[in-house]
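What follows is a single chain, given as structure tokens, in the form predicted on its own.
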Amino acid sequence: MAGGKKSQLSGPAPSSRTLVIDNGANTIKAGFASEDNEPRIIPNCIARDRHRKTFVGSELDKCKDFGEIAFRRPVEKGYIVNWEAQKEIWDREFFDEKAPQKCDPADARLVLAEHSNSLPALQTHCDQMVFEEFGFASYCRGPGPALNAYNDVQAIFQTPRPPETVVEYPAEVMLVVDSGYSHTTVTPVLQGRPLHQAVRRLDVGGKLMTNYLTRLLSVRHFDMRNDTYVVNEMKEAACYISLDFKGDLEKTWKGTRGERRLDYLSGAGIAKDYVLPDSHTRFHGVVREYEPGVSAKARKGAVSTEDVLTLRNERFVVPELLFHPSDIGMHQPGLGDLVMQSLSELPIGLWPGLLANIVVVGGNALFENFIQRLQTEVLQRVPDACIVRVARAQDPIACTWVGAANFARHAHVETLAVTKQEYEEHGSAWVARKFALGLGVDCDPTG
């Protein structure tokens, strides 16, 4: 039997701790599978402020002045491309003497979430770093969307069921929409395995939307090109996805020269004032209700201790890029069409299960109205007989980590994980083939 054969070869005793890392482009979600119910959120960057002080990872929380701050990020377009910077962040967070989450890699297993359809060369480099540089005793990596199958999917949809129901992992079928900092992906998952031929990617993520908002503000208000961190906070606090884009655009139109449009003057419930941080009394911006009188005085140069921006259509035209990237000249389909492209690669018999279990994860899922808009877009494109359910986890940022932690506690991880001894014996190509088999419970890595 394969199981008996593996037990003879495995040699080393099981690792005493399992470190689970979802290594995102903007933040790292990290924690120990047996000890933590939720991850620690760590900025995945090395930053330097205008005073030339450097902050590594979670040290960024100590920064008080984000004006003109410069970032060095190890992840580009969703993939780790700068291991020198990534190692510096991991060392500070996990391996140094005073690390907040101290871990001895020689006695630990690493479960690492990666993006779908990563390049083989980058995967091989990652495997080499894990074993040769960090020296983990055991290791397993898998696509983040597939790891979401180890969440309680029906609890996310709030499906009624008897209290004694035993949750089985992984979920049988689901469609994961992961919208993060670098990009947005649509991944069908069947019994814990991503269906790679149907994975679709949209190059619109939090970073692109922040840059677009920066450009709009720099043209219309202040030059914010050196303050992308402040703009990113503004985007997260004030932007939303419109359920009536043309209607909202009409309400925020100033009109022709000399015209006084009532909706524009009153704000129409859309305009908001954003108070910029001053790095002395306010370290983060604040959203507040639009006050036409106050804004008029500010435009006339009245003395004020606050820098206030009035946000109008910027609030919804920026996240609209997820559904209409052609607004800025991108030749890519929007999210609704992307879902249909993914489904078109699969047998139509899988459609009902996938459409009834669409789970949205990633930071952009926190935009107001995201779920309702995506459901509307998909409903417009599928046959009338199809049931479409779209849901967001309670914490979409940590959702992938929670699924990875559940996977790390699942018996299947013992089948898929690779020990350092196996890596040294069989080499990186063997490791790549083993991980390529996927996370399904029927996986037999000895084949």
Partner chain sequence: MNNFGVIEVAGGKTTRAPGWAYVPDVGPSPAQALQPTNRKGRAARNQAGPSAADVSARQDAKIRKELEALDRDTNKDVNIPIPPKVGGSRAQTNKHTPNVRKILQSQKTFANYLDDYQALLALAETNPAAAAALNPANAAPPKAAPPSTARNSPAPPPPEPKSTAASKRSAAAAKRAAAKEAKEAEEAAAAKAKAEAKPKAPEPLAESKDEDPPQSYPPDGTILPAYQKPPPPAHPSDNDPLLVSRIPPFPSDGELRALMTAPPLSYLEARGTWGGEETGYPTRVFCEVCGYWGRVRCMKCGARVCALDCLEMHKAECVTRYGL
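Computed from a predicted structure; not experimentally measured. Positions refer to the first chain, counted from 1.
One more form of this protein, predicted in complex with its partner chain, exists but is not displayed; see below.
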Fill in the blank from the handout: Residue within 4.5 Å of its partner chain in the predicted complex by heavy atom, from Gln191, Gln375, Asn369, Ser279, is Gln191
Problem - The single option of Leu195, Ala268, Val308, Val287 touching its partner chain in the predicted complex, heavy atom within 4.5 Å - result: Leu195
Practice task
Please name which of the stretches 27-35, 404-412, 390-398, 40-48 has residues with heavy atoms lying within 4.5 Å of its partner chain in the predicted complex.
Solution key: 40-48
Practice task
Can you work out whether its partner chain is within 4.5 angstroms of a heavy atom in all three of Ala85, Lys207 and Val219 in the predicted complex?
Solution key: yes
Practice task
Consider Pro100 of the chain shown here, and say whether it contacts its partner chain in the predicted complex, taking contact as heavy atoms within 4.5 Å.
Solution key: no
Practice task
Decide whether Phe245 counts as a contact residue for its partner chain in the predicted complex under a heavy atom distance cut-off of 4.5 Å.
Solution key: yes
Handout entry: Thr159: touches its partner chain in the predicted complex, heavy atom cutoff 4.5 angstroms
Key = no
Exercise for the section: Considering only heavy atoms, tell me if Glu291 and its partner chain come within 4.5 Å of each other in the predicted complex. Expected result: no
Practice task
Within 4.5 Å of its partner chain in the predicted complex, which residues of 404-436 have a heavy atom? Give them in sequence order, or say none.
Solution key: Tyr423, Glu424, Glu425, His426, Gly427, Ser428, Ala429, Trp430, Arg433, Lys434, Ala436
